[in-house]
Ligand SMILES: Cc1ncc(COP(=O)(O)O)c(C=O)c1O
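Let's start with one chain on its own, the form predicted on its own, as C-alpha coordinates.
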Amino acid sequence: MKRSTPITIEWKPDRNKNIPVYKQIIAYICEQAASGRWPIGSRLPSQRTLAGMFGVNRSTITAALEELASYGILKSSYGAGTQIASNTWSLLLPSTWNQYVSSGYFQANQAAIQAINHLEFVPDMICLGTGEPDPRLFPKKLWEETLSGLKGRIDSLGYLEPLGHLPLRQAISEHMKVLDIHVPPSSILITSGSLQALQLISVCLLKTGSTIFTEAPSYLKSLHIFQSEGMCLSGIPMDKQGISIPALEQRLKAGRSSGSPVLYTIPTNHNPTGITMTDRRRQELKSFCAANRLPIIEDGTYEELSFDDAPLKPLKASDKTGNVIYLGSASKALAPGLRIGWVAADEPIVQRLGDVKMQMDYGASSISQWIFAEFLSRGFYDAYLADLKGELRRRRDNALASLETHFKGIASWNIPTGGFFIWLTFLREISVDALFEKAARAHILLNPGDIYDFKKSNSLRLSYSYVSCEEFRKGAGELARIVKEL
(Lines give C-alpha, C1' and ligand atoms only; values in the text may rest on other atoms or scores of the structure.)
Protein backbone atom coordinates (compact mmCIF):
# COMPACT_ATOMS: atom_id res chain seq x y z
CA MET A 1 0.00 0.00 0.00
CA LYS A 2 1.35 3.37 -0.94
CA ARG A 3 0.90 6.38 1.29
CA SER A 4 -1.64 7.85 -1.09
CA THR A 5 -3.84 4.73 -0.97
CA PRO A 6 -6.93 5.40 1.16
CA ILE A 7 -7.40 3.28 4.26
CA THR A 8 -10.41 0.98 4.19
CA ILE A 9 -11.98 -0.68 7.23
CA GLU A 10 -14.22 -3.72 6.94
CA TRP A 11 -14.15 -4.64 10.63
CA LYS A 12 -16.21 -3.59 13.63
CA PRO A 13 -15.61 -4.20 17.33
CA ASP A 14 -17.51 -7.03 19.01
CA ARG A 15 -19.75 -5.55 21.70
CA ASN A 16 -20.33 -9.01 23.18
CA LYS A 17 -16.68 -9.28 24.18
CA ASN A 18 -15.57 -8.49 27.69
CA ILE A 19 -12.88 -6.24 26.20
CA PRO A 20 -13.75 -2.50 26.07
CA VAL A 21 -14.61 -1.34 22.55
CA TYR A 22 -11.88 1.30 22.47
CA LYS A 23 -9.32 -1.39 23.44
CA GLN A 24 -10.50 -3.56 20.54
CA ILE A 25 -10.01 -0.60 18.19
CA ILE A 26 -6.49 -0.05 19.57
CA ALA A 27 -5.64 -3.74 18.98
CA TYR A 28 -7.08 -3.59 15.45
CA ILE A 29 -5.08 -0.51 14.45
CA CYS A 30 -1.90 -2.00 15.95
CA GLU A 31 -2.46 -5.21 13.98
CA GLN A 32 -2.96 -3.30 10.72
CA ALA A 33 0.26 -1.39 11.32
CA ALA A 34 2.25 -4.44 12.45
CA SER A 35 1.12 -6.53 9.46
CA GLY A 36 2.16 -3.82 6.99
CA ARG A 37 -1.36 -3.35 5.65
CA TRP A 38 -1.20 0.22 6.97
CA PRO A 39 2.45 1.23 6.43
CA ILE A 40 4.17 4.02 8.30
CA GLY A 41 2.95 7.32 6.90
CA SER A 42 -0.55 6.05 6.12
CA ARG A 43 -3.11 8.75 6.88
CA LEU A 44 -6.16 7.84 8.92
CA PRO A 45 -9.62 9.21 8.08
CA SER A 46 -11.08 11.94 10.29
CA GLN A 47 -12.39 11.01 13.72
CA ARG A 48 -15.97 11.48 12.50
CA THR A 49 -15.34 9.14 9.55
CA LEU A 50 -13.58 6.57 11.75
CA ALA A 51 -16.50 6.61 14.17
CA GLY A 52 -18.83 5.78 11.28
CA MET A 53 -16.55 3.04 9.95
CA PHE A 54 -16.22 1.37 13.35
CA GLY A 55 -19.86 2.01 14.32
CA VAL A 56 -18.97 3.83 17.57
CA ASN A 57 -19.25 7.35 18.94
CA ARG A 58 -16.51 9.96 18.57
CA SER A 59 -15.54 9.85 22.24
CA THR A 60 -14.59 6.17 21.83
CA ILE A 61 -12.44 7.02 18.80
CA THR A 62 -10.84 9.92 20.67
CA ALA A 63 -9.90 7.64 23.60
CA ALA A 64 -8.39 5.01 21.26
CA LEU A 65 -6.40 7.51 19.18
CA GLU A 66 -5.06 9.32 22.24
CA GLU A 67 -3.79 6.06 23.73
CA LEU A 68 -2.21 5.05 20.41
CA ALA A 69 -0.53 8.45 20.21
CA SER A 70 0.86 7.95 23.73
CA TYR A 71 2.43 4.67 22.53
CA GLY A 72 3.98 6.45 19.57
CA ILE A 73 1.92 4.45 17.08
CA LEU A 74 0.12 7.55 15.78
CA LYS A 75 1.09 11.17 15.31
CA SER A 76 -0.98 14.22 14.40
CA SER A 77 0.12 17.42 12.73
CA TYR A 78 -1.63 20.42 11.27
CA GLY A 79 -2.47 19.87 7.62
CA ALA A 80 -1.36 16.22 7.60
CA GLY A 81 -4.03 14.82 9.92
CA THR A 82 -3.38 11.64 11.91
CA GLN A 83 -0.82 9.21 10.51
CA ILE A 84 0.72 5.84 11.37
CA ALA A 85 4.03 6.78 13.00
CA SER A 86 5.28 3.33 13.99
CA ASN A 87 4.49 -0.35 13.61
CA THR A 88 5.45 -0.97 17.28
CA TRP A 89 8.89 -2.54 16.84
CA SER A 90 10.27 0.41 14.90
CA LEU A 91 10.12 2.46 18.12
CA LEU A 92 13.22 0.57 19.17
CA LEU A 93 15.21 1.51 16.06
CA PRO A 94 17.24 4.65 15.35
CA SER A 95 14.94 7.24 13.81
CA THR A 96 16.77 7.19 10.47
CA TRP A 97 15.73 3.54 9.99
CA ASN A 98 12.05 3.97 10.88
CA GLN A 99 11.04 4.72 7.30
CA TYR A 100 12.62 1.48 6.07
CA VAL A 101 11.05 -0.97 8.53
CA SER A 102 7.92 -1.66 6.46
CA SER A 103 9.67 -1.44 3.12
CA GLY A 104 11.00 -5.01 2.85
CA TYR A 105 9.04 -7.49 0.76
CA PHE A 106 8.84 -10.15 3.49
CA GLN A 107 5.55 -9.81 5.35
CA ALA A 108 5.39 -9.59 9.12
CA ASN A 109 4.00 -12.36 11.29
CA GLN A 110 0.35 -12.22 12.26
CA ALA A 111 -0.14 -10.24 15.46
CA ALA A 112 -1.35 -13.39 17.27
CA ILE A 113 1.80 -15.29 16.30
CA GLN A 114 3.99 -12.41 17.44
CA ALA A 115 2.20 -12.55 20.79
CA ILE A 116 2.63 -16.33 21.02
CA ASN A 117 6.34 -16.07 20.20
CA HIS A 118 6.72 -13.66 23.09
CA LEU A 119 4.50 -15.45 25.62
CA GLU A 120 6.21 -18.83 25.09
CA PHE A 121 9.18 -17.47 27.05
CA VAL A 122 7.16 -16.11 29.98
CA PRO A 123 8.04 -18.11 33.14
CA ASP A 124 5.40 -20.57 34.46
CA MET A 125 3.33 -20.36 31.27
CA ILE A 126 1.54 -23.64 30.46
CA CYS A 127 2.00 -23.87 26.69
CA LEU A 128 -0.91 -25.97 25.42
CA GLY A 129 -0.27 -25.21 21.75
CA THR A 130 3.50 -25.21 21.31
CA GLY A 131 4.60 -27.50 18.48
CA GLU A 132 7.94 -28.60 19.87
CA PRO A 133 9.21 -31.55 21.90
CA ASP A 134 9.43 -30.97 25.62
CA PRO A 135 13.02 -29.83 26.35
CA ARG A 136 12.96 -32.18 29.34
CA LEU A 137 12.83 -35.11 26.91
CA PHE A 138 16.14 -34.19 25.30
CA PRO A 139 18.44 -37.28 25.29
CA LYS A 140 21.34 -35.85 27.31
CA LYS A 141 23.30 -39.08 27.71
CA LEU A 142 23.10 -40.00 24.04
CA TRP A 143 24.04 -36.44 23.15
CA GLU A 144 27.08 -36.49 25.43
CA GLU A 145 28.16 -39.81 23.91
CA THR A 146 27.72 -38.34 20.42
CA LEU A 147 29.89 -35.34 21.23
CA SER A 148 32.47 -37.60 22.87
CA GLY A 149 32.65 -39.68 19.71
CA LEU A 150 33.50 -36.60 17.68
CA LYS A 151 36.50 -35.66 19.81
CA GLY A 152 39.62 -35.48 17.72
CA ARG A 153 37.72 -36.11 14.48
CA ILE A 154 36.71 -32.51 13.73
CA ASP A 155 39.82 -30.69 12.62
CA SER A 156 38.01 -27.81 10.96
CA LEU A 157 34.63 -26.07 10.98
CA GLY A 158 34.99 -24.42 7.61
CA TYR A 159 32.33 -24.16 4.94
CA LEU A 160 30.99 -27.45 3.59
CA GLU A 161 30.05 -28.35 0.03
CA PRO A 162 26.89 -26.77 -1.45
CA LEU A 163 24.58 -29.74 -0.80
CA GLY A 164 25.85 -30.18 2.74
CA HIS A 165 28.14 -32.50 4.73
CA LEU A 166 28.51 -35.70 2.68
CA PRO A 167 28.56 -38.08 5.71
CA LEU A 168 25.29 -36.51 6.87
CA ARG A 169 23.66 -36.88 3.45
CA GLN A 170 24.83 -40.49 3.35
CA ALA A 171 23.37 -41.11 6.81
CA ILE A 172 20.06 -39.50 5.85
CA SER A 173 19.94 -41.51 2.63
CA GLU A 174 20.28 -44.71 4.67
CA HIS A 175 17.85 -43.52 7.32
CA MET A 176 15.08 -42.72 4.82
CA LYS A 177 15.14 -46.28 3.50
CA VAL A 178 13.13 -47.18 6.61
CA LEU A 179 10.40 -44.95 5.14
CA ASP A 180 10.82 -46.71 1.78
CA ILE A 181 12.30 -43.53 0.30
CA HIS A 182 15.32 -44.47 -1.81
CA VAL A 183 17.36 -41.46 -2.89
CA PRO A 184 21.16 -41.17 -3.21
CA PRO A 185 23.15 -38.57 -1.24
CA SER A 186 23.43 -36.56 -4.46
CA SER A 187 19.63 -36.01 -4.32
CA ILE A 188 19.68 -34.63 -0.79
CA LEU A 189 20.23 -31.00 0.25
CA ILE A 190 20.87 -30.08 3.89
CA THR A 191 19.00 -26.96 4.95
CA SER A 192 18.84 -24.80 8.05
CA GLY A 193 15.52 -26.36 9.05
CA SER A 194 12.49 -27.16 6.90
CA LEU A 195 11.42 -23.51 6.90
CA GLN A 196 14.49 -22.62 4.88
CA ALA A 197 13.64 -25.43 2.48
CA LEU A 198 10.25 -23.80 1.86
CA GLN A 199 11.85 -20.41 1.35
CA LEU A 200 14.35 -21.86 -1.13
CA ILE A 201 11.54 -23.52 -3.07
CA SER A 202 9.58 -20.27 -3.15
CA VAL A 203 12.46 -18.25 -4.62
CA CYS A 204 14.01 -20.93 -6.85
CA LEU A 205 11.23 -23.01 -8.34
CA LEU A 206 8.00 -21.01 -8.29
CA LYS A 207 6.86 -17.91 -10.13
CA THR A 208 5.19 -14.84 -8.70
CA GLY A 209 1.45 -15.33 -9.05
CA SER A 210 1.61 -19.09 -8.59
CA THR A 211 -1.09 -20.81 -6.54
CA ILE A 212 -0.09 -23.03 -3.62
CA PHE A 213 -2.83 -25.54 -2.79
CA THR A 214 -2.78 -26.83 0.76
CA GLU A 215 -5.06 -28.42 3.32
CA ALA A 216 -7.43 -26.14 5.19
CA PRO A 217 -6.50 -25.63 7.94
CA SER A 218 -2.75 -25.73 7.39
CA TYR A 219 0.49 -24.86 9.13
CA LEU A 220 1.45 -23.09 5.90
CA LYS A 221 -1.32 -20.53 6.53
CA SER A 222 0.55 -19.37 9.64
CA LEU A 223 3.60 -18.47 7.53
CA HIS A 224 4.16 -15.69 5.02
CA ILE A 225 6.90 -17.40 3.04
CA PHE A 226 4.94 -17.86 -0.18
CA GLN A 227 2.73 -14.80 0.25
CA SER A 228 5.81 -12.61 0.56
CA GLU A 229 6.91 -13.84 -2.85
CA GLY A 230 3.60 -12.77 -4.41
CA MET A 231 1.98 -16.21 -4.41
CA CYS A 232 -1.54 -17.18 -3.42
CA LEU A 233 -2.45 -19.82 -0.86
CA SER A 234 -5.61 -21.76 -1.64
CA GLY A 235 -7.05 -23.86 1.18
CA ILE A 236 -8.62 -27.21 0.25
CA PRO A 237 -11.08 -28.76 2.73
CA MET A 238 -10.17 -31.92 4.62
CA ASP A 239 -12.14 -34.83 5.98
CA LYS A 240 -11.03 -37.57 8.36
CA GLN A 241 -9.14 -39.27 5.51
CA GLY A 242 -7.15 -36.20 4.48
CA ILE A 243 -7.38 -33.60 1.74
CA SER A 244 -10.52 -33.68 -0.44
CA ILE A 245 -9.66 -34.75 -4.00
CA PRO A 246 -12.96 -33.48 -5.52
CA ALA A 247 -12.45 -30.07 -3.89
CA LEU A 248 -8.86 -29.97 -5.14
CA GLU A 249 -10.00 -30.86 -8.65
CA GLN A 250 -12.64 -28.15 -8.63
CA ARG A 251 -10.21 -25.51 -7.37
CA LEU A 252 -7.54 -26.58 -9.85
CA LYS A 253 -9.92 -26.23 -12.80
CA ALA A 254 -11.06 -22.82 -11.58
CA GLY A 255 -7.56 -21.45 -11.05
CA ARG A 256 -5.48 -22.77 -13.94
CA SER A 257 -4.99 -19.27 -15.34
CA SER A 258 -3.57 -17.86 -12.10
CA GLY A 259 -0.05 -19.22 -12.48
CA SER A 260 1.74 -22.54 -12.12
CA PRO A 261 0.03 -24.40 -9.24
CA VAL A 262 1.75 -26.60 -6.64
CA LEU A 263 0.35 -28.77 -3.84
CA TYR A 264 1.84 -28.49 -0.34
CA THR A 265 0.67 -31.28 1.95
CA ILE A 266 1.43 -32.84 5.34
CA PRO A 267 -0.08 -36.31 4.86
CA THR A 268 1.25 -37.83 8.08
CA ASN A 269 0.42 -36.40 11.53
CA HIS A 270 -0.88 -33.22 9.97
CA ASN A 271 -0.16 -29.85 11.53
CA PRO A 272 -2.47 -28.54 12.99
CA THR A 273 -5.25 -31.18 12.85
CA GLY A 274 -3.28 -34.33 13.70
CA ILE A 275 -5.00 -36.18 10.83
CA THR A 276 -3.04 -38.87 8.99
CA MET A 277 -4.10 -39.34 5.38
CA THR A 278 -5.36 -42.86 4.69
CA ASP A 279 -3.51 -45.12 2.28
CA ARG A 280 -6.41 -45.07 -0.17
CA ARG A 281 -6.50 -41.28 -0.18
CA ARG A 282 -2.73 -41.19 -0.73
CA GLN A 283 -3.05 -43.39 -3.79
CA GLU A 284 -5.90 -41.24 -5.13
CA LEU A 285 -3.94 -38.06 -4.52
CA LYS A 286 -0.82 -39.35 -6.27
CA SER A 287 -2.85 -40.49 -9.27
CA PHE A 288 -4.70 -37.19 -9.46
CA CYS A 289 -1.53 -35.10 -9.23
CA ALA A 290 0.24 -37.23 -11.84
CA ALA A 291 -2.69 -36.99 -14.26
CA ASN A 292 -2.93 -33.22 -13.80
CA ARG A 293 0.83 -32.56 -13.73
CA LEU A 294 0.48 -31.00 -10.28
CA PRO A 295 3.84 -31.04 -8.43
CA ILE A 296 3.80 -32.03 -4.76
CA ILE A 297 5.76 -30.61 -1.83
CA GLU A 298 5.45 -33.29 0.86
CA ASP A 299 6.25 -32.07 4.36
CA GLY A 300 7.46 -35.08 6.33
CA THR A 301 8.41 -33.17 9.47
CA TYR A 302 6.20 -35.40 11.66
CA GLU A 303 6.66 -38.55 9.54
CA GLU A 304 8.73 -40.43 12.11
CA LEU A 305 6.40 -39.75 15.03
CA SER A 306 3.68 -42.28 14.14
CA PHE A 307 2.62 -44.55 16.98
CA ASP A 308 1.61 -47.46 14.73
CA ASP A 309 4.12 -50.27 14.27
CA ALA A 310 3.54 -50.19 10.50
CA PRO A 311 3.05 -46.52 9.59
CA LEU A 312 1.80 -45.53 6.14
CA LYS A 313 4.40 -44.82 3.50
CA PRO A 314 5.14 -41.25 2.42
CA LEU A 315 3.99 -40.05 -1.01
CA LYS A 316 7.67 -39.86 -1.96
CA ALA A 317 8.10 -43.60 -1.37
CA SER A 318 6.49 -44.59 -4.68
CA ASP A 319 7.47 -41.48 -6.63
CA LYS A 320 8.95 -42.80 -9.87
CA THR A 321 8.69 -39.60 -11.90
CA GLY A 322 10.24 -37.04 -9.54
CA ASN A 323 6.89 -35.30 -9.02
CA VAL A 324 7.37 -35.13 -5.23
CA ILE A 325 9.79 -32.92 -3.32
CA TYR A 326 10.16 -34.34 0.19
CA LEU A 327 11.04 -32.24 3.24
CA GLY A 328 12.53 -33.83 6.36
CA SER A 329 13.68 -32.31 9.62
CA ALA A 330 15.42 -33.09 12.90
CA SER A 331 13.67 -30.19 14.62
CA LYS A 332 10.42 -31.78 15.78
CA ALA A 333 11.72 -35.14 16.94
CA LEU A 334 15.10 -34.13 18.35
CA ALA A 335 15.99 -30.46 18.79
CA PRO A 336 14.57 -27.31 17.17
CA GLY A 337 17.79 -25.45 17.90
CA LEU A 338 19.85 -27.90 15.87
CA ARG A 339 18.41 -26.22 12.72
CA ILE A 340 18.90 -29.21 10.46
CA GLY A 341 16.43 -30.12 7.75
CA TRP A 342 16.74 -31.68 4.32
CA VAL A 343 15.21 -31.77 0.87
CA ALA A 344 15.00 -35.02 -1.09
CA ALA A 345 14.31 -34.47 -4.79
CA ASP A 346 15.75 -35.03 -8.25
CA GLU A 347 19.37 -33.92 -8.60
CA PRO A 348 18.70 -30.90 -10.85
CA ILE A 349 16.28 -29.58 -8.21
CA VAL A 350 18.62 -29.95 -5.23
CA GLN A 351 21.51 -28.53 -7.27
CA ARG A 352 19.42 -25.45 -8.03
CA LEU A 353 18.32 -25.09 -4.41
CA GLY A 354 21.87 -25.68 -3.16
CA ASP A 355 23.27 -22.99 -5.44
CA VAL A 356 20.86 -20.39 -4.05
CA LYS A 357 21.39 -21.59 -0.47
CA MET A 358 25.09 -20.90 -0.85
CA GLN A 359 24.20 -17.35 -1.81
CA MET A 360 21.99 -17.03 1.27
CA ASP A 361 24.13 -18.41 4.09
CA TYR A 362 26.97 -20.50 2.59
CA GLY A 363 25.58 -23.65 4.15
CA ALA A 364 23.87 -24.88 7.29
CA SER A 365 25.84 -24.95 10.55
CA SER A 366 28.91 -27.16 10.12
CA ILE A 367 28.96 -28.30 13.75
CA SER A 368 25.24 -29.20 13.66
CA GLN A 369 25.79 -31.28 10.53
CA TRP A 370 28.74 -33.14 12.07
CA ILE A 371 26.75 -33.84 15.26
CA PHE A 372 23.58 -35.06 13.56
CA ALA A 373 25.57 -37.26 11.17
CA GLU A 374 27.20 -38.94 14.17
CA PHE A 375 23.86 -39.23 16.00
CA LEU A 376 22.28 -40.91 12.97
CA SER A 377 25.12 -43.20 11.94
CA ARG A 378 25.62 -44.64 15.44
CA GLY A 379 21.96 -45.65 15.71
CA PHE A 380 21.26 -43.19 18.52
CA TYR A 381 18.48 -41.45 16.59
CA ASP A 382 16.46 -44.64 16.08
CA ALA A 383 16.84 -45.60 19.73
CA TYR A 384 15.78 -42.15 20.84
CA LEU A 385 12.77 -42.13 18.49
CA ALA A 386 11.50 -45.40 19.98
CA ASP A 387 11.57 -43.91 23.50
CA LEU A 388 10.12 -40.59 22.35
CA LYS A 389 7.14 -42.19 20.61
CA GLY A 390 6.36 -44.19 23.72
CA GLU A 391 6.32 -41.03 25.81
CA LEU A 392 4.28 -39.10 23.24
CA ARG A 393 1.70 -41.90 23.13
CA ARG A 394 1.42 -41.73 26.93
CA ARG A 395 0.97 -37.97 26.81
CA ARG A 396 -1.59 -38.24 24.02
CA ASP A 397 -3.65 -40.72 26.04
CA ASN A 398 -3.46 -38.44 29.06
CA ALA A 399 -4.54 -35.46 26.95
CA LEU A 400 -7.52 -37.35 25.51
CA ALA A 401 -8.57 -38.43 29.01
CA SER A 402 -8.27 -34.83 30.24
CA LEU A 403 -10.42 -33.57 27.38
CA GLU A 404 -13.02 -36.25 28.08
CA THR A 405 -13.14 -35.08 31.69
CA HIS A 406 -13.27 -31.34 31.12
CA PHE A 407 -14.59 -30.75 27.57
CA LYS A 408 -17.25 -33.41 27.02
CA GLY A 409 -20.35 -31.56 25.84
CA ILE A 410 -18.29 -28.41 25.23
CA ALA A 411 -16.16 -29.42 22.25
CA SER A 412 -15.27 -32.21 19.85
CA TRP A 413 -11.78 -33.40 18.98
CA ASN A 414 -9.88 -35.93 16.88
CA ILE A 415 -7.74 -38.84 18.07
CA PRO A 416 -4.29 -38.51 16.45
CA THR A 417 -2.24 -41.61 15.64
CA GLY A 418 1.04 -39.77 16.08
CA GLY A 419 2.71 -36.38 16.09
CA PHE A 420 1.96 -33.61 18.56
CA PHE A 421 -1.50 -32.21 17.92
CA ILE A 422 -5.18 -32.50 18.77
CA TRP A 423 -7.60 -30.28 16.85
CA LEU A 424 -10.37 -29.20 19.24
CA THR A 425 -13.53 -27.50 17.96
CA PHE A 426 -16.08 -25.88 20.26
CA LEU A 427 -19.70 -26.97 19.89
CA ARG A 428 -20.99 -23.43 20.35
CA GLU A 429 -19.52 -20.32 18.81
CA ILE A 430 -17.17 -18.53 21.16
CA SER A 431 -14.73 -15.68 20.80
CA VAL A 432 -11.39 -17.46 20.42
CA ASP A 433 -9.65 -14.08 20.67
CA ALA A 434 -11.23 -13.42 24.05
CA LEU A 435 -10.39 -16.97 25.13
CA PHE A 436 -6.76 -16.47 24.11
CA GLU A 437 -6.51 -13.27 26.17
CA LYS A 438 -8.22 -14.67 29.26
CA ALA A 439 -6.17 -17.85 29.11
CA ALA A 440 -2.93 -15.89 28.78
CA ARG A 441 -3.81 -13.92 31.90
CA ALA A 442 -4.25 -17.27 33.65
CA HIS A 443 -0.79 -18.32 32.37
CA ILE A 444 -2.16 -20.71 29.75
CA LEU A 445 -0.90 -20.17 26.20
CA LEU A 446 -3.12 -21.28 23.31
CA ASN A 447 -2.74 -21.50 19.54
CA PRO A 448 -6.06 -20.27 18.09
CA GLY A 449 -7.35 -22.04 15.00
CA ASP A 450 -7.58 -18.72 13.13
CA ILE A 451 -3.82 -18.81 12.71
CA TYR A 452 -4.07 -21.86 10.50
CA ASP A 453 -7.48 -21.65 8.86
CA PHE A 454 -8.68 -19.80 5.79
CA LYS A 455 -11.92 -18.72 7.44
CA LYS A 456 -13.08 -17.79 10.92
CA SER A 457 -12.28 -20.72 13.16
CA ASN A 458 -13.95 -21.99 16.29
CA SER A 459 -11.05 -24.30 17.06
CA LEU A 460 -7.76 -24.61 18.94
CA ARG A 461 -4.58 -26.48 18.12
CA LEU A 462 -3.69 -28.34 21.30
CA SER A 463 -0.28 -29.92 21.77
CA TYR A 464 0.58 -32.67 24.23
CA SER A 465 4.28 -32.75 23.29
CA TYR A 466 5.57 -29.70 25.15
CA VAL A 467 3.96 -30.15 28.57
CA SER A 468 3.93 -32.97 31.09
CA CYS A 469 0.79 -35.00 31.76
CA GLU A 470 0.22 -33.12 34.99
CA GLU A 471 0.64 -29.75 33.28
CA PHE A 472 -1.82 -30.70 30.54
CA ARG A 473 -4.42 -31.83 33.08
CA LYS A 474 -4.03 -28.61 35.04
CA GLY A 475 -4.16 -26.44 31.93
CA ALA A 476 -7.16 -28.27 30.48
CA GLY A 477 -9.13 -27.92 33.70
CA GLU A 478 -8.45 -24.19 33.97
CA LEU A 479 -9.16 -23.69 30.28
CA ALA A 480 -12.55 -25.42 30.59
CA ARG A 481 -13.43 -23.10 33.46
CA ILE A 482 -12.55 -20.04 31.35
CA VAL A 483 -14.59 -21.34 28.39
CA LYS A 484 -17.67 -21.78 30.56
CA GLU A 485 -17.37 -18.16 31.69
CA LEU A 486 -17.33 -16.76 28.14
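Throughout, we count residues from 1 along the sequence that is shown. All values derive from a computational prediction rather than experimental measurement.
Heads up, the form predicted in complex with the ligand isn't pictured, but that's what we're talking about next.
- Shown here without its partner, the chain carries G193, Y219 and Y264, all of which come within 4.5 Å of the ligand in the predicted complex through at least one heavy atom.
- The ligand in the predicted complex comes within 4.5 Å of a heavy atom belonging to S331.
- When contacts are judged by a 4.5 Å heavy atom cut-off, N271 counts as touching the ligand in the predicted complex.
- With a 4.5 Å cutoff on heavy atoms, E304 does not count as touching the ligand in the predicted complex; it lies far away.
- The closest heavy atom approach of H165 to the ligand in the predicted complex falls outside 4.5 Å.
- Listed stretches are 194-202, 382-390, 289-297, 136-144; the contact stretch with the ligand in the predicted complex is 194-202, by a heavy atom cutoff of 4.5 Å.
- Residue in contact with the ligand in the predicted complex (any heavy atom within 4.5 Å), chosen from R339, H406, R282, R395: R339.
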